[in-house]
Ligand SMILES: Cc1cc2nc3c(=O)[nH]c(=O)nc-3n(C[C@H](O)[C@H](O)[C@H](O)COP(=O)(O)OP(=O)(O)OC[C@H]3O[C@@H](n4cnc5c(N)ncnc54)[C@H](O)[C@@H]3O)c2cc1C
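There is one chain below, alone, in structure tokens, taken in the form predicted alone.
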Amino acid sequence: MNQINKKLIYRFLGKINFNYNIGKRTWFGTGGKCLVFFEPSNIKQLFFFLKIIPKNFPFFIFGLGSNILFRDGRFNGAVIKLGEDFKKIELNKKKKIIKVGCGVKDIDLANFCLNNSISSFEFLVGIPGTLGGAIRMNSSCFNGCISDNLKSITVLNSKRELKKINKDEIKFNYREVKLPKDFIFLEAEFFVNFENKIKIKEKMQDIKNLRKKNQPLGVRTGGSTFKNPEQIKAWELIDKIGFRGKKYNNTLISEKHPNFFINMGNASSLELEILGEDIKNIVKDKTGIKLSWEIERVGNFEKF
């Protein structure tokens, strides 16, 4: 990026860093740098940024840093984190519709729904991320799925046009939404149902208790490493090959939930990825089942 573009960006955008250590922002706490880290406060800043960068300049939308592994080299593009105007929640009680910015944390949406006696969003207390990531992954857990009550998504499409896409125009698969990767999710609308607040609170607490019982919390982990194959859980396959609690250099496979990898303090992204690939190969050899990464891997291997 040339010096003229840098000056324009600093003048009109504000929250931007170059040669930024993006790895430290992830839940794993591993990985290298990105060429640009940009946090637009509003749609105008986002439009301006996308207008001045080269057409083929790669970018990646960043939420809370869970479910992602930035490699130890550099991501030669922009990492974009949606700022203040993308973190708003609006409830229209008359129409029974809630409008949510894609920068909103899942936990904040769950708590907003609790405070307004809205049901069916309790499961979001079990998903550490933002709404945009939840929609992109078609996230689900504890008998809830983000697409269940979805009405529409507003995106910036490949031509950098604002477009509202209704749910019936979108195909949802397990851990996947069939929309182009370069679409930027800005906000979503959901149909809402109202229920007794006490029941909602009890359900949320049940989910919190289950997470505490079955998942490693308070450690550097990226969440579920692999997608669940049909008819069997990924953690069961990892358990079957004897990897529960196994250490690899500075990484650990959780004793509590074998589909969670843990950075014990000084792990590199390369160590985590090698461990994952080893497990994939052994599972395939011993069971014939091919595991697929759920954690998204971004960037280059080599350091710089």
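Residue numbers run from 1 along the displayed sequence. Here the structure is a predicted model, which means the values were calculated and not measured.
The form predicted together with the named molecule is left out here; the points below concern that form.
Partner proximity in the predicted bound form, defined as non-hydrogen atoms within 4.5 angstroms of the named molecule, places exactly one of 132 to 140, 91 to 99, 114 to 122, 191 to 199 at the interface: 132 to 140. Proximity of Tyr248 to the named molecule in the predicted bound form: non-hydrogen atoms within 4.5 Å are absent; the residue sits far from the partner. Contact check for Gly32: every heavy atom lies farther than 4.5 Å from the named molecule in the predicted bound form. For the chain shown alone, Asp285 is not a contact residue for the named molecule in the predicted bound form, no non-hydrogen atom being within 4.5 angstroms.
Although the partner is absent here, Ala267 lies well away from the named molecule in the predicted bound form, with no heavy atom inside 4.5 Å. For the options Gly276, Gly63, Pro40, Pro258, the residue carrying a heavy atom within 4.5 angstroms of the named molecule in the predicted bound form is Gly63. The contact residue chosen from Gly223, Gly77, Gly83, Pro229 relative to the named molecule in the predicted bound form is Gly223, the criterion being a non-hydrogen atom within 4.5 angstroms. Of the residues in 173 to 190, those that come within 4.5 Å of the named molecule in the predicted bound form through at least one heavy atom are, in sequence order, Arg175, Lys181, Phe183, Ile184, Phe185.
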